[in-house]
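Presented as structure tokens, the chain that follows is alone, the form predicted on its own.
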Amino acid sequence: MAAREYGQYCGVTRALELVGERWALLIVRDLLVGPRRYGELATGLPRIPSNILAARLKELQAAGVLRRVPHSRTVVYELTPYGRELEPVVLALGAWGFKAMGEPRAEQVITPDSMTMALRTAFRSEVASALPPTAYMAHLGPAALHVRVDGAALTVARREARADLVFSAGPDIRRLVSGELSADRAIAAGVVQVLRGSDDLVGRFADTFHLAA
């Protein structure tokens, strides 16, 4: 870590020395969803060079942020308790960055783990607590996510399962989540396509998941 020291005695400085290198926080973001094999991390970060991924994993392990553990005849990477303390930081960064996302570029991709963390970032538990339990099957680009909201509890899983509302959407779903489009207008504009369930549940989804642009 010596080559990347900033020469200041400060908590922010030390945090940047540990996780401020390029790709490091995206690795943490994906591991906040769950443990991942090396190949799964590479798939979820398709533009990361293999040598950089290996280096970041080694650095984050040395910093006590993640660890390698055996699992079903293979090795997975998982966050340590110290690493999991980064969750509110990652969620706050996601909410802050959402304000400056703009229009998606052709080369930009959506991954299941990035969408899972986006949903966790946008989740409004105080609103959800006043709504009936609801399950959504969300097809967001290549990500098929089963999203269950039960009071203030949110679970997001990469699987197909029964849901009250099944819908598909692309990157423009940010226009619904930001409040730029109402649920009715999002459906009319084709931003959200209801595959099964009531259109009214799109409004419930928008109330439950919201980020200010």
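Since the model is a prediction, treat every value here as computed from it, not as a measurement. Residue indices: 1-based, along the sequence shown.
The discussion below concerns the form predicted in complex with a further copy of the same chain, not included here.
J.: Quick check on G20: any heavy atom within 4.5 Å of a further copy of the same chain in the model of the complex?
T.: Flag for G20 set to yes.
J.: In the model of the complex, does P104 come within 4.5 Å of a further copy of the same chain, counting heavy atoms only?
T.: Yes, contact at 4.5 Å.
J.: Within 4.5 Å, heavy atoms only: does R204 come near a further copy of the same chain in the model of the complex?
T.: Residue-level check for R204: no, no contact with a further copy of the same chain.
J.: I'd like to know whether A135 contacts a further copy of the same chain in the model of the complex, with contact meaning heavy atoms within 4.5 angstroms.
T.: Judged by the heavy-atom cut-off of 4.5 Å, A135 is well away from a further copy of the same chain in the model of the complex.
J.: Partner absent here, but in the model of the complex, which of 67 to 75, 122 to 130, 139 to 147, 96 to 104 has residues with a heavy atom within 4.5 Å of a further copy of the same chain?
T.: Within 4.5 Å of the partner lies stretch 96 to 104.
J.: Are all three of R14, L86 and I110 close to a further copy of the same chain in the model of the complex, meaning a heavy atom of each within 4.5 Å?
T.: Checked in the model of the complex: all three residues contact a further copy of the same chain.
J.: Scan 113 to 138 and note down the residues that get a heavy atom within 4.5 Å of a further copy of the same chain in the model of the complex; none is a fine answer too.
T.: Result: S114 alone.
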